[in-house]
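Listed next as structure tokens is one chain, alone, in the form predicted alone.
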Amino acid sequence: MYDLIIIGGGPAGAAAGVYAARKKIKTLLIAKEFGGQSLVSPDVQNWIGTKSISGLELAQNLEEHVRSQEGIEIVDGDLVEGVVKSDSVFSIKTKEGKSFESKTVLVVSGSRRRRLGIPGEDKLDGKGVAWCATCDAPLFGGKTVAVIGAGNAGLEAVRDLFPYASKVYLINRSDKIKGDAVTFEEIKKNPKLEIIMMAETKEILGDKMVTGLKYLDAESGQEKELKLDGVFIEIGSIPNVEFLGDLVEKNQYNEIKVDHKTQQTSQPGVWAAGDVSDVLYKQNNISAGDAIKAVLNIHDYLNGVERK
């Protein structure tokens, strides 16, 4: 019987593991791998305390820090398949057929980017195909880039790119902008921006790096090309919550609803943090901080301490 099982190995999972070990909480961490979505980033420049680090090196540092702690057990290379609660005890099963029990659970399983499913997307991931303008905009200084998606994420990505890119295309599949109208009115005044509506992206071009993309112009029926140095895909993300079933309450985006003061979910004994939760901003530093907050609250919970 564990006091805490942490599900996930990104920045949130690693931060939680370190703090749980330091609080002497009997803890098991289960993760497919360490690093989270930043694993494929060639250059992370906003991890506080480090001016520049590759996603791979960041993942290695996170794993090393967790493994250096005494009293924490780690199951890696495996994924949680289900979580069931019975008499205040949580039973966790993995895809490799392992079973564990715990008094509490911290879900930090993150999310995965919604993908276009087109040629070049996977091949050029991290080679000009990017998923986070807040993280990677500085890498495209003086470059020509495209943002695919005109929801709030897409509009904010365009705004994040203005200080760096020389030219930004906003590519929208429909004839309507789904994002915030105020944000759209703000960005469309910038001379760097060109908006292409009714455009379905068909292929991202390039060999070693992105060189452009092909799109279908729905109005003319013609296939057209853009020359580019980078493509930001901003069509939303999918929280990794399938293994939870109906155990916790989720919002309309399938994110786990939490009390942002404590990170507690609707299910007593279950906490959540990072991109899998309904946190407004999806960032590594925020995920780590929220996970630490959760562990401190879990420590209070296990010791019968109530804070207001």
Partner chain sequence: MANKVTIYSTPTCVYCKMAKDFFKNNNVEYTEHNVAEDDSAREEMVHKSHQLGVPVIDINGEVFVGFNKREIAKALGVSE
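Numbering follows the first chain given and starts at 1. For clarity, every value in this text was computed on a predicted model and none was experimentally measured. Note that the rigid core is defined as the largest set of C-alphas that superpose within 1.5 Å between two forms.
Unshown form predicted together with the partner chain; subsequent notes refer to it.
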Counting only non-hydrogen atoms, the one stretch of 134 to 142, 181 to 189, 233 to 241, 85 to 93 within 4.5 angstroms of the partner chain in the predicted complex is 134 to 142
Using heavy atoms only and a 4.5 Å cut-off, determine which of 217, 76, 73, 225 is in contact with the partner chain in the predicted complex.
-> 76
From the list 44, 56, 279, 248, which entry has a heavy atom within 4.5 Å of the partner chain in the predicted complex?
-> 56
Contact label in the predicted complex: residue 64 to the partner chain, heavy atom within 4.5 Å | no
Contact label in the predicted complex: residue 206 to the partner chain, heavy atom within 4.5 Å = no
Any of the heavy atoms of residue 167 lying within 4.5 Å of the partner chain in the predicted complex?
-> no
Is residue 149 a contact residue for the partner chain in the predicted complex, using a 4.5 Å heavy atom cut-off?
-> no
Going by the partner chain in the predicted complex, which residues of 93 to 132 come within 4.5 Å of it through any heavy atom?
-> 96, 126, 127, 128
For residue 103, is the C-alpha shift between this form and the one not shown 2 Å or more after core superposition?
-> no
Does the distance between the two CA positions of residue 75 reach 2 Å or more between this form and the one not shown, the core being superposed?
-> no
Looking in the predicted complex, decide if the C-alpha atoms of residue 208 and residue 10 are closer or farther than in the form shown; they differ by 3 Å or more.
-> farther
How does the C-alpha distance between residue 275 and residue 129 change in the predicted complex compared with the present structure, closer or farther, given a change of 3 angstroms or more?
-> farther
